[in-house]
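Only one chain is shown below, in structure tokens, and it's the form predicted on its own.
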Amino acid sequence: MLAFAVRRIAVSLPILLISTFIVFMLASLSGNPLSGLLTRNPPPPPETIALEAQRLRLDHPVLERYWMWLTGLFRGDFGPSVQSNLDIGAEVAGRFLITMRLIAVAMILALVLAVVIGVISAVKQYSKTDYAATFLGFLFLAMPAFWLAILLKQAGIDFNNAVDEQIIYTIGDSSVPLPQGFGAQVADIAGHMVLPTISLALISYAAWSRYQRSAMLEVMNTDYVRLARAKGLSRRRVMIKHALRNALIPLTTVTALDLASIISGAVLTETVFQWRGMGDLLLNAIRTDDVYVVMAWLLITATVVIVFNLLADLLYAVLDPRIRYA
């Protein structure tokens, strides 16, 4: 198992390196970080522009800038930002925690819904419950993430207006300033997470529940499940202990592969609900041609995707003892 994990990491590192190189080239050649300075009125003196270009390492060739950025990572230096007073490392760390709490809670909620509804649909195949679950699944699957987020946000605003009180939070990841006391702060943050989490979870649940239903139906028709039933085991025990465990393997694969799309969905969701997370950081960096902030975002998110896929591979052996990594 350890040898397999080491091999996977060794394979992932070149992929991560190539992806950072491609994005750095594209970001560096597609915009001018000095555009905001050059369009000021009155224009700044040439000396100021030259100093800013030197601070942003624009006086070096693009390949040399990439090498400076890559080697600086080992010193904890993510490079200079267009915002001269911005510490990229500290900014990314704070926003990463905000985004990850949204993604983590949304994925847990989506997985619970997908497993429960997928199993019920499979056990009650072609029933009214199955048809209703199928309809809801395709309905949410057809909805764009940003559109569903806008609908939920508007519903929250209308509800608050109807009761003439702010019960549902529709803007921000927390109140400013935060209320006093640990319990009050946790409740405030949790309240702000309700609508964004539901929005992000429903889109993921819709696809995952279909995979779970299909996997469960396939497992229920296998010989070992029929044998377990023939031996006199209860239907509940057969479904949970024998069928469900093996039916979770395809869902594990799909969840790992969908993490990148969930992160992109989180960018849109954070934009709609005005969260100051990684999504807001990325969009602001793209607008200002802040190459090194874009690179920091890519590095963090790509690392999360690689680690998550590695954990999913290792989880296969837990779900199915027949799987062994030599």
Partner chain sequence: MRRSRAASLAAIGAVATLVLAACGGGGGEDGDASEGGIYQDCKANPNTCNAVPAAQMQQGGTLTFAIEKNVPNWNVNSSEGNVFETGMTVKTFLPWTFTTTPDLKQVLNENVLVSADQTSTSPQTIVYKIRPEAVWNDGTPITADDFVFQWKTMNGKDCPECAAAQNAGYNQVESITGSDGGKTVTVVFGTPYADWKNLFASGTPLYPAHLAAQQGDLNTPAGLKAAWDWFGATVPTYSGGPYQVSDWQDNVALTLVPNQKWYGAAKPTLQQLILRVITEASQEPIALQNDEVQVIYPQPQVDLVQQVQNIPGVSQYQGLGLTWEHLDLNLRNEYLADEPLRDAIFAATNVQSIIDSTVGQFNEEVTPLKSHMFVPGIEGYEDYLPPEQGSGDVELARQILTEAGYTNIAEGQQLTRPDGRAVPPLRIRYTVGNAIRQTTVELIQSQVRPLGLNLEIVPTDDLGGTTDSGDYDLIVFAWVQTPASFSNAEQTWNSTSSSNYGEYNNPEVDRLMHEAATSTDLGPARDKLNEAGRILAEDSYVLPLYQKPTIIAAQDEVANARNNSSLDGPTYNIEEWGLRAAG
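In this text, the rigid core denotes the largest set of C-alpha atoms whose superposition between the two forms falls within 1.5 Å. Positions refer to the first chain, counted from 1. All figures in this text were calculated on a predicted structure; none of them were measured in a lab.
Only in words, not in the display: the form predicted in complex with its partner chain, which the text now covers.
This chain appears without its partner; in the model of the complex, the one residue of 146, 138, 96, 211 with a heavy atom within 4.5 Å of its partner chain is 146. Among the residues 246, 175, 222, 253, the one placing a heavy atom within 4.5 Å of its partner chain in the model of the complex is 175. Residues with any non-hydrogen atom within 4.5 angstroms of its partner chain in the model of the complex fall in just one of 33-41, 290-298, 256-264, 59-67: 33-41. No residue of the trio 111, 217 and 303 has any heavy atom within 4.5 Å of its partner chain in the model of the complex. Taking the partner from elsewhere, residue 132 is found to have a heavy atom lying within 4.5 Å of its partner chain in the model of the complex. For residue 282, no non-hydrogen atom is located within 4.5 Å of its partner chain in the model of the complex, even though that partner is not displayed.
In the model of the complex, no heavy atom of residue 180 sits within 4.5 Å of its partner chain.
Residue 242 falls outside the set of residues with a heavy atom inside 4.5 Å of its partner chain in the model of the complex.
Interface residues of 73-105, taken as those with a heavy atom within 4.5 Å of its partner chain in the model of the complex (partner not displayed): 82, 83, 84, 85, 91, 95, in sequence order.
With a cut-off of 2 Å and the rigid core superposed, residue 234 has a Cα displacement that falls short of the cut-off between the shown form and the other one. Residue 29 shows a C-alpha shift below 2 Å between the shown form and the other one [criterion: core-superposed Cα displacement of 2 Å].
Superposed on the core, the two forms barely differ at residue 84: its CA moves less than 2 Å between the shown form and the other one.
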